[in-house]
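We've got the same protein chain twice here, in two forms, each standing alone as structure tokens: structure 1 and structure 2.
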Structure 1
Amino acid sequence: MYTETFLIAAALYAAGFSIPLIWWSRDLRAVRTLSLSCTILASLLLGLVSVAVLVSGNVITFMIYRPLAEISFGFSIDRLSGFFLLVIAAVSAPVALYASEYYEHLEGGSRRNLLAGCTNLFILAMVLVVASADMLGFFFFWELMAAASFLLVMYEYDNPGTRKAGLFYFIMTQLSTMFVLFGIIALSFRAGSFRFSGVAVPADPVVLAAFLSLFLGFSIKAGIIPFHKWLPYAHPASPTPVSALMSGLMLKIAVYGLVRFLLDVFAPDLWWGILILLAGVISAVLGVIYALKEHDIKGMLAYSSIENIGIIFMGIGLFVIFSAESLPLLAGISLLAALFHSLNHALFKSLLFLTAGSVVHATHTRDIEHMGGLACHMPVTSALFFTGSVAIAALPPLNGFASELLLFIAIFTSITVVDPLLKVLFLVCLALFALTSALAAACFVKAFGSVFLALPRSPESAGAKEVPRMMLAGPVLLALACIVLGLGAYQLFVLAGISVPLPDMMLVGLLLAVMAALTWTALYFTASRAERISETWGCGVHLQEPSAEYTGHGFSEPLDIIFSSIYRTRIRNERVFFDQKNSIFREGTAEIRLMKVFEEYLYLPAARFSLASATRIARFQNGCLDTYLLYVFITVIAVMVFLGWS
């Protein structure tokens, strides 16, 4: 029964992929709508299956295709898979709803059919990665996912930014593939097959190598610093629904991979956990610090994804540490926190991406310095973005808070039990985690403030209009999900039969509402109700100008200075003087540029080095026959000497 439903869902995605391919040359809205309707329907079915699995705890196993003894496409949906399927279903349906309108406003004619089709392929690949019963299927669909997402990123290929994004994305994806493949192959020796089965010896160097390379592979895909660079390029470059899917779902697939391997295959050591934890903490802190400085709205969201993935990795790291220290309860809480945060991040990040896409659609710019004042022009969108901001800033009573709270509780509780040295580590992580979440709040105050509040800072922004209804419907669903998951977190866990030390957020929400209602009532009866609209008081300023407002840059300036050691600016100052003693200044230029530390010190040198060595090696092929014959000659002699010597 569930098997059939799952298969129907998969078939629907496949139909959604093939329908636009069949009519690839017809630039018809109906084709795309049909394709995306398939997505929505399939996501609903998938949601049903996953909820059923989650509630019942049954494992659905079935084999669909086994062409060879070594190659089998079997699927097995246990609770972990079911959970991630739920995440996929919950995000892809609203995104498809949004896309059905958004894609119509893109340029590209019938190419949009392909876009809709590939979106389906992308989702299908993610679904199958999660559902795969063995490593081979996992890797197969993992690659399919990579290919599909790459095509999606390249949609606006004629844009110079996209080219760079595509390049970064492609190369990083390949790197990730390389590591994942190495890990899988190494594991397949120890396990004897490609099944997800236990490899009990963590000290075995092969297993160790497998873990490290899998960890690297998943980190690259998840955007863990320092492998994050593709995210802030790829997300802004791709069409909005694609960014939402990539940030909301694809990063989670990497998380799924890590969790799946840690749970089913490895018997992790303590230091593995510490490694994951540290990777998470560093990504979280640096991610949010970079997000603060970003003024491309989608780039900012991309960095914020890095931060949230960092938080999820922290949860996983803690899970491993607690498991290794045999503290099953805390381990459970940490894992739950990581998974719950995955779900939450998927929801609010896709919400934010979609609404950001609406904003970009309305203003035709991604630079938040050219926005402003949109709260009046786009009331619904602003409310939705606001919901997302509150959720991502981890403020009660929304869902972002619920999952971060779980993580906080895990660390707080653990401090009383673990080793002294671990305690110190945890305290450092705790402090950085707190910093992260406070900075995230600052970041989203900045984002919401610069985009939606105050006066419009560009004519486009002033003339912006609310987006069509379909582009609101999707985000509305996501926002509702954020609210429900936030308020009902405790109840949901109880429903799933898991006991967690989570406060009853419903009660807190109720209290907040009651307090607000009481305050309002009290004011209603006691206070004056007179209101007046007037100009903003500006200390005697004649007229309020948008140019005089606090900009996004200005907003983050204090934090900028405080974290100046991380941002690393490069100051260029050129001056020309009238005289030779350099005392009468004539003219000059100055520039303060934010350095892209990782790009300038890691990525580009690596690229430059490999290109230089490649150019040197390519000189081997110098186009001269004599040289080539010389190679042959030398080889012949070498082989002969080898023969005589062996």
Structure 2
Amino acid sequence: MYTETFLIAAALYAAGFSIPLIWWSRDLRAVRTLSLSCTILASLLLGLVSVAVLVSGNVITFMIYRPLAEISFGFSIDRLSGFFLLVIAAVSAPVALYASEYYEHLEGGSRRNLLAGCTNLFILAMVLVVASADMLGFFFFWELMAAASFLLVMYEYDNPGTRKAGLFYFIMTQLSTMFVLFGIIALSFRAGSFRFSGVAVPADPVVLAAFLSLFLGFSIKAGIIPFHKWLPYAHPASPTPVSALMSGLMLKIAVYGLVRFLLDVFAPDLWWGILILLAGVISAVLGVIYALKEHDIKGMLAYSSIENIGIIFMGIGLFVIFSAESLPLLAGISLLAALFHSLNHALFKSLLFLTAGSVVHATHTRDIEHMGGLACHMPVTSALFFTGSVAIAALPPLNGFASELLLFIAIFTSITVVDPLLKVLFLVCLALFALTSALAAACFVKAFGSVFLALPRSPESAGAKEVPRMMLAGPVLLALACIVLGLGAYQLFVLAGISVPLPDMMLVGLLLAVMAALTWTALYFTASRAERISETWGCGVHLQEPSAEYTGHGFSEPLDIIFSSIYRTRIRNERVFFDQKNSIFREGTAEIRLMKVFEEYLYLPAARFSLASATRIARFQNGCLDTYLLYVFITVIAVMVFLGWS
């Protein structure tokens, strides 16, 4: 029964991809609505299958195609893949609901049909990656996911910024694919098959090379620093539902791949876990630091995704370390924290991207300095964005707090049982993790205040209106999920039969609600009913102007100064004077520039080196047939020597 339900869901995703292709030349809303309706229905069926697998613990396995004995395309859904299928279903349905209205406001005419179709193809590819029974199918659908996401990023291909983002994304995603392919080939060479089965000890050089290759491949796709630069380019350039799917889901597919190989294929060593942990800590800290200085609202959310993926990698790294140290209880809590935060991040980051897209739709700008005052004009969107901000800032009682608290508990508990060197490492990671949480709260205080509070700082913000209902329905579902998973985290774990050291957030939420109700009641009965309307005092200025507001730049400037060594801030100040003594000022210009450190010091040098190497290699292609025959002869001799030696 569940096998048939899964196949029907996959067929609906395929139908959602095919329907717009059939009528691709006809600019009809009905075509796109039908396509996205297939997405919603398929997601509901997929959610039913995943919940059934998680509750029962049964494994759904079936074969689709076996051309050779060693090569097959089959699917296997266990609890791990069922959990990630639930994540896909929980996000894709609200996003499709939002997209059914959002896509109608895009330019492109009938090209929007292809956008709706490729959205289904993208989701289908992620579903099949997670459900693949072997490494060959995993890689095939991994590449299909990369191709579909590239097409979605390039929707507005006539925009130069989009073309740059697409090129950046294409290069990085193919680099990720190359490392994943090399790792799979190395594992199949050692194990003799493409099955997800255990291999030799970590000391084996082939196994070690496979792990490092897969770790690099999944890190690039997940956006781990220093392989993160494609996120701030691809997310702002993509349509908002695509950004929500990429940040909320595609990054989690990389997390799934890493966890799947660590659980089913490798027998991880201690230093593997330390490597993953350090990569996660660095990404979490630097991700939120770069998010603080960003004033493009979608770029800020992209950097915030890097931070949260870093937190997830921290949990995975701790899981590997505790497993190697024979601490199964702490290993289970760490892995549970990583998986729970994967679900939570998928929900609140999709919520934030969708509401940010609504703001951009209403104001026609992504610069938060040109927004402000939207809480009056877009009250529902502001409440939804506030909910996502509280969740991502890990404030109780929402879901971000529950998963991050679980990770804090794992680190705190481990300090008393690990050896001194690991204790020092964990204390440093704990301090940086706490710093990350504080900076994340500051980042979204800045974002919400700059976008929704104070006076409008542009005519577009002053004239903004609430978005249509369908663009509110999807975010409302995601916001409710954030609240339910936060308040009911303890109860959900109990229902799943998992014992976790979490407080009862339902009780915490009830206490907060009672305190709020008592405060409101006290103010209602004791406050004066007299009304007084006047201007806010503004240091003697009679009328308040938007230009006098505390902007996002002003809010983050102290932190920009503190982290100037990371930002590599460049300050240029040019002044012209009337006199030779430089006493009477005439005119001047000042500029504060934050360097793109990784781009200028890592990516561009690598690109220049690759271009120079390709230019040298191109000289071998001189058009002479005799030279090409010489190349073939040398290659044949080299292959014969290698085969004879091996």
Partner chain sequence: MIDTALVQGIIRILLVCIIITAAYIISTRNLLSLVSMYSLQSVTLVCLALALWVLESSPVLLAIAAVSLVSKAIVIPYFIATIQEKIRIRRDIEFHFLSPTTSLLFSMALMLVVYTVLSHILRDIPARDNLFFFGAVIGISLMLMGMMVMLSRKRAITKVLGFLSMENGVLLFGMFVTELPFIIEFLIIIDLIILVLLTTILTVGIDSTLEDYHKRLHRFRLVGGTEERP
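All residue numbers here follow the sequence of structure 1, with the first residue given the number 1. Just so you know, these numbers come straight off a predicted model, no measurement behind them. Throughout, rigid core stands for the largest set of C-alpha atoms superposing within 1.5 Å between the two forms.
Matching the description of the form predicted in complex with its partner chain is structure 1; structure 2 comes from elsewhere. In the core-superposed comparison between structures 1 and 2, Arg616 has its Cα shifted by at least 2 Å.
After superposition on the rigid core, the Cα of Asp579 moves by 2 Å or more between structures 1 and 2.
Once the rigid core is overlaid between structures 1 and 2, Trp24 does not reach a Cα shift of 2 Å, moving by less than that. Core-superposed comparison between structures 1 and 2: Val639 shows a Cα shift of 14.6 Å.
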